[in-house]
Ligand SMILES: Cc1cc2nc3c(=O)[nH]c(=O)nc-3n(C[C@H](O)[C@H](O)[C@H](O)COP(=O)(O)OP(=O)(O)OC[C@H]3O[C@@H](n4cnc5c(N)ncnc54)[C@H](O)[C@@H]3O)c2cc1C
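In structure tokens, one chain follows: the form predicted on its own.
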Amino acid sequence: MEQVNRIAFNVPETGQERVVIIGAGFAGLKLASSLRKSNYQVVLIDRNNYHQFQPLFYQVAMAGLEPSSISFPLRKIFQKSSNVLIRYAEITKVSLEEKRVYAELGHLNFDYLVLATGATTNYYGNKELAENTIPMKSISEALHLRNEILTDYEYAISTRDYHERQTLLDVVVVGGGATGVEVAGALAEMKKYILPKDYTELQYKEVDIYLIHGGKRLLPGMSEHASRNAEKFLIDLGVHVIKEKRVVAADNSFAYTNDGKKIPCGKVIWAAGIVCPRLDGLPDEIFGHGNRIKVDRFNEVPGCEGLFVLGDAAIMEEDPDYPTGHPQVAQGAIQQGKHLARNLKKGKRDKWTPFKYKDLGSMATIGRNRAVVDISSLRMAGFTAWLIWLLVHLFQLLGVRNRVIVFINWVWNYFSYDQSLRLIINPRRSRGPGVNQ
């Protein structure tokens, strides 16, 4: 077993205190970046060997961007950081008593453990919805959605029966948060601009896009001004917005709502909530609402010295301004990662400062020239808000190459109303030389 352990991680003992970070999302990546050239040995562990820019997943799903343009290899980020080690693994268990994390092949000891595991799709215990709807919390899921949409368009061309064709064309998006609103807007633009060009044999007016939201207004985390404008933009694009209704079941032909109605559709995109994953070995009492782990003002778990939690997975109930926890957005994760790094660099805990979240605003885009932005007391909607959204997301991307590619894609798409990325790529093993199917 000891030999397997060395194979699993092969992390050298340097005499430095070791900070093990699980998760290379916004929080984990910012913490690791801020600790480069520090006196700590940093081990960043993720089940992917790249960082993925979640706010633009929907553009990959709608064939607006290539997956590689919103991803960045972790090893490239830390090429010149000798104290930061990258390990490709999925952690299955944590032992706080032994100060170890376990993966399939072995274990790794730590002095400080930082959980930055993010959140995953929440189906609220409904197994049927988990099996029959399409989530979008990773690049692979975004690619799967793209394949499903384009494949159904191809099949719809050859389908004579109207009702069967509607099943292939109509889409239900569940959840009126930023992801749901942006996906619905992108689908509506694909219907308006792409179908008439690529699928001339289809009647694009046959395509119905539904956005179903359980609350009274869209974008509940933003201002009422943003909610009203987002709904108006969606309706102008032809999206059927249904509020105060919940999707309780789905199959290959219908989405079923809690008032007994059923909506014909072959695809249900689930963007109705998130929940944090649990690691075996962690005590039940540290978990709060949505499986978020309770932390103090230093992002440390009370009663578990050396265990820190950042980003979506953390709930800091001690902050009087956010008694139910900070917003589960990228900025919160980035700020927490940077702040924990500053404290760790100070060494002695009596020099540590408590975390204070700074709200930098919220925004969402609903197609070209349409976006909503809340920054402090400033409320904007329309073209100016859309430009702000573009600039903010462009400069948050990692790597000059990615920024240039995304910028070129956006400019080309803006003037041509077209993209060249509508490829159906289904991974499969080749059957042999010369065989393409």
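Heads up: residue numbers just count along the shown sequence, starting at 1. All figures in this text were calculated on a predicted structure; none of them were measured in a lab.
Note that the form predicted in complex with the ligand isn't included here; everything after this is about it.
In the model of the complex, no heavy atom of L169 sits within 4.5 Å of the ligand. The closest non-hydrogen atom of V173 lies beyond 4.5 Å of the ligand in the model of the complex. Put simply, T117 is close to the ligand in the model of the complex: some heavy atom of it is within 4.5 Å. Although the partner is absent here, N109 is not a contact residue: none of its heavy atoms lies within 4.5 angstroms of the ligand in the model of the complex. Segments offered: 202-210, 342-350, 187-195, 87-95. Contacting the ligand in the model of the complex at heavy atom distances within 4.5 Å is 87-95. The partner is absent here, but in the model of the complex a heavy atom of R47, alone among R47, R36, R403, R379, sits within 4.5 Å of the ligand.
Taking Q331, S81, N126, S223 one by one, only a single residue has any non-hydrogen atom within 4.5 Å of the ligand in the model of the complex, and it is Q331.
In the model of the complex, the ligand lies within 4.5 angstroms of a heavy atom of only one residue of 169-198, namely T179.
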